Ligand SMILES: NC(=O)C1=CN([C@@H]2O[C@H](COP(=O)(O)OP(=O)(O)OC[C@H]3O[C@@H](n4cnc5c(N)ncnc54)[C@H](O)[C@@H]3O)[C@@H](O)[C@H]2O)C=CC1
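Single chain ahead, written as structure tokens, the form predicted on its own.
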């Protein structure tokens, strides 16, 4: 199979969809991999590393896209990339379509087969291709939030761990999943006073046992959320509804109850954000102020630590990429129900229920497509 790896063009996105090691695995199986020139530079992989692994380096981006049967990316395709897609091509990347109607309709019009990393499932009910970046984003959220608390960034001028004689910052994490646990773990390690809110009592029980009470676990209700808004110096939004838009849990009116200079970090921004006042930002201008509250809403947080992120992502995606390359998309999905859950759009049809519901579009079952 001819596989194309283009350079990411989203603002300050330095990741690449495949490491040289991943290329080597595919080439050894008889596949041809073409990598756009300098696609791996931001992750610390020069073109020569890809050449040595067996890839062809292509300077002409249009030629790269035109020759590929399978296109591997990291972030959702930008407008100029959507325009290059053709019906016979398969796209495998993060999509987050429920928050992006224009992109959804563009992929429908392309006729391409579009498989989303973030909706592939596993035997434990997890999202194995989202999890690596969720771990990175959760840990980065605390790092970014701590910086945003500095006075020069508009924050209240609070040091996260405090110092002897001065109390540490209060950090609340909304959501106890992969992002939330990694954020809480990072905040705890830095010496903050940490609370996790979640609606799953079994999950809260796991976290309480795992951290031996060092992280405060609270069942999420309107009352406990309002209390967190009043008390916290930093709130990290780590809510995920798989494949669907995130719920708005903190409203504009609630900002008036927060301490001036406190920080909101919205890790759910890829899915539309879980704060009413959230809007996507970039690493170039990562934060903004609303009613005296710092908002950090970078939509590709892991892109800032591209080397770590690219390695973690390839580790997770490579078995699925190999399945696509060896079998083709139809057989690969037919053989694996969990991989099948990744199909979002095919031949002008939406196949993922949450995406169809978000925009009032008809949904065709993936099983029906595979039988056709």
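Numbering follows the first chain given and starts at 1. Everything numeric here is computed off the predicted structure, so don't read it as measured data.
One more form of this protein exists, namely the form predicted together with the named molecule; it is left out here, but the text below deals with it.
Although the partner is absent here, residue 81 lies well away from the named molecule in the model of the complex, with no heavy atom inside 4.5 Å. Residue contact check for residue 251: none of its heavy atoms lie within 4.5 Å of the named molecule in the model of the complex.
Though the partner is left out of this view, residue 271 does reach within 4.5 Å of the named molecule in the model of the complex, counting heavy atoms only.
At the 4.5 Å threshold, heavy atoms of residue 198 reach the named molecule in the model of the complex.
Distance criterion of 4.5 Å from any heavy atom to the named molecule in the model of the complex singles out 130 from the list 115, 235, 142, 130. With the partner omitted from this view, the residue of 134, 172, 90, 262 that lies near the named molecule in the model of the complex is 134 [heavy atom within 4.5 Å].
The stretch from 299-307, 339-347, 49-57, 27-35 that comes within 4.5 Å of the named molecule in the model of the complex, counting heavy atoms only, is 299-307. Taking a 4.5 Å heavy atom cutoff to the named molecule in the model of the complex, the contacting residues in 224-247 are 238, 239, 240, 241, 247.
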